[in-house]
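Just one chain is shown here, as structure tokens, and it is the form predicted alone.
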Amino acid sequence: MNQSVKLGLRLLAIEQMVTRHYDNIWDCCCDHGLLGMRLLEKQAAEKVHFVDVVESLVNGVNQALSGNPELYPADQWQTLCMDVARLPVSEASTHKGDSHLVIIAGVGGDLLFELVEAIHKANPETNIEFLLCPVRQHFHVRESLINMGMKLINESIVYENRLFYEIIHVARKGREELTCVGSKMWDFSDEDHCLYLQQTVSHYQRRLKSGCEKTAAILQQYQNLR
């Protein structure tokens, strides 16, 4: 009997934010491909592309998909061993208005934004949404996305293995303004969200003591959330 892949809390939260159908979904830095497999199972796209720069990981994903053709039909997925910055978005588009969702998770903020910027610059007229989950540097990532002209579609906070993650869904044609500290993701009736805010405030309070010029303004934005 075919069985659905099991996702941890972080990947499950990302998967649950995919609420519409796309022509192409790109599971970047896909690791073992679990997220993309779940999206294939729920038929979230015409085609799911699994992308990682590590050949052994891509080979493992390819074997897992090929070994279960009933659950993962061969014409609905593709594996690519390549630099995510060179994502072949335009080559995958069969029509001018094709929709793309690029998912990047599990990497640091600096690298994540470099990848988003490279993909956008290479495909400025393409209908691309980005679903992002940086490991850290959330303020920097958000600030950089705002400077790119990205708008917010949705966002959430997830707590897994004693770590907090922000999931940020953006596009140039998003519906709402993106903020540096988040807006709609906060629920201060949730103890985890209160803890995350306190940890973040404490982090910037420590940085403030080191004399970082920009820290005071960042700290004030988080404090203003309450």
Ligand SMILES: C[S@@+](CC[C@H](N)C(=O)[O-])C[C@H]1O[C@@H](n2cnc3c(N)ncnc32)[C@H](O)[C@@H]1O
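Counting begins at 1, following the sequence as shown. Just so it is clear, the model here is predicted, and its values are computed rather than measured.
One more form of this protein exists, namely the form predicted together with this ligand; it is left out here, but the text below deals with it.
Although the partner is absent from the chain shown here, C28, L57 and G106 each have a heavy atom within 4.5 Å of this ligand in the predicted complex. Proximity to this ligand in the predicted complex, defined as a heavy atom within 4.5 Å, singles out one entry of H32, R172, K184, K42, which is H32. V84 is the sole member of M150, I128, V84, L131 with a non-hydrogen atom lying within 4.5 angstroms of this ligand in the predicted complex. Partner proximity in the predicted complex, defined as non-hydrogen atoms within 4.5 angstroms of this ligand, places exactly one of 136 to 144, 71 to 79, 90 to 98, 111 to 119 at the interface: 111 to 119. In the predicted complex, at least one heavy atom of V53 sits within 4.5 Å of this ligand.
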